[in-house]
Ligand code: GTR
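Let's start with one chain on its own, the form predicted alone, as structure tokens.
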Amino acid sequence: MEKDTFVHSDMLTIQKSTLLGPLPDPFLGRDGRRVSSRDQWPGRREELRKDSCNLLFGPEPPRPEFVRVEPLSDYRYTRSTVYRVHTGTKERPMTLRLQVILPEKAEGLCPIIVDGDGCFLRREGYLDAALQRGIGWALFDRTEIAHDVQDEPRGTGPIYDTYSGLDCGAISAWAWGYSRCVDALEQLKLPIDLDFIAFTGHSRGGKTALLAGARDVRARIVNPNESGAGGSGCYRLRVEAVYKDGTSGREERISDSLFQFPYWYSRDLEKYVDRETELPFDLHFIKALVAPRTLFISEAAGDMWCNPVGSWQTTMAAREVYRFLGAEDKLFWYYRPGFHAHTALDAEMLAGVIWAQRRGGPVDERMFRLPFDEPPLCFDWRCPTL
């Protein structure tokens, strides 16, 4: 194992840290009462979903009237098959392309990773990092569902044509695509373990993968990679830091997101520009929606825009929900040296989590290491004692 892939506490120096307000308590219901038993959690979870996912990204698109899978190619020698997924409404159908790549060698049914970043160039070794460990890929291009063009008006893309009047951000639409890929996988007669489906994505794709995993419980493992604001970051914590090579920066804020990509989000998010303390949630709420399933947060130590310090804070807050549900062993996080990218090492670490959850046993020793000195927690509440 290469030592330069480990992080150390002196890699990222926090120059300034401003907590706008403590992270809200996910156990405190709208009625002012705090959850006191696990039986009460499903109701509170539904409140969390509405108070975070819907406010941040807009409503979830409707369930499709149908899903039909059409094979387009069958490259048997490369273990890669391409399909066209027909879905939407019968009156206004839409399609997306799905590529399934299976490992050459697998022991029985193989786990599979659904990745919507087909619009990105993948780093060398990224796919092989999972395939060589007996894990397959289901790849799609989320921009076939909703466009990601800054000069176009909000609500552009096939899903908005299919569902007239749909008023959700593109991230909500893209997350819907993960679920349609799972629908397709359930129909196909492939040697895939449908009980071990993982969702992953990078940056805006990481925000999407986290939302998709929060909404669709068929995702056994959810892995947002360097997803920052709207994903694994923290709205209430502002951090200025310097990486070991002298690179300095700060975290992305709501105002930054809406200046560049307003069409990703709910229209309601604009109300909270520079008023983050009035948000009824922070991003640990969305992380908590994955519980008690496996959540794996992966970050880069030098990616200040994605708020690596804030990501750890909201992960620690989500850990209280995992503890409450008796699933703390299903929460993972790691940092690698470097900057904003989805690397082969990230895929390798995800593959390790998948196998650790499927077979049992320890995880990689690079897990649970901080590239900065551990700061005080941004909250003083803890999970209810059962």
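Counting begins at 1, following the sequence as shown. On a predicted model such as this, the values are computed, not experimentally measured, just so you know.
Another form exists, predicted in complex with beta-D-galactopyranuronic acid (GTR); not displayed. Remarks below refer to it.
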query: Which one of Y272, F261, Y163, F196 is close to beta-D-galactopyranuronic acid (GTR) in the model of the complex, taking close to mean a heavy atom within 4.5 Å?
result: F261
Candidate from R358, H340, R323, R49 lying within 4.5 Å of beta-D-galactopyranuronic acid (GTR) in the model of the complex - any heavy atom: H340
query: Is it the case that H284, K287 and W333 all touch beta-D-galactopyranuronic acid (GTR) in the model of the complex, with a non-hydrogen atom of each within 4.5 angstroms?
result: no
- prompt: Does at least one non-hydrogen atom of S203 fall within 4.5 angstroms of beta-D-galactopyranuronic acid (GTR) in the model of the complex?
  reply: yes
- prompt: So in the model of the complex, does any heavy atom of E252 sit within 4.5 Å of beta-D-galactopyranuronic acid (GTR)?
  reply: yes
message: Counting any heavy atom within 4.5 Å as contact, can you tell me which stretch out of 155 to 163, 253 to 261, 210 to 218, 88 to 96 lines beta-D-galactopyranuronic acid (GTR) in the model of the complex?
response: 253 to 261
query: Considering only 294 to 327, what residues come within 4.5 Å of beta-D-galactopyranuronic acid (GTR) in the model of the complex, judged by heavy atoms?
result: W305
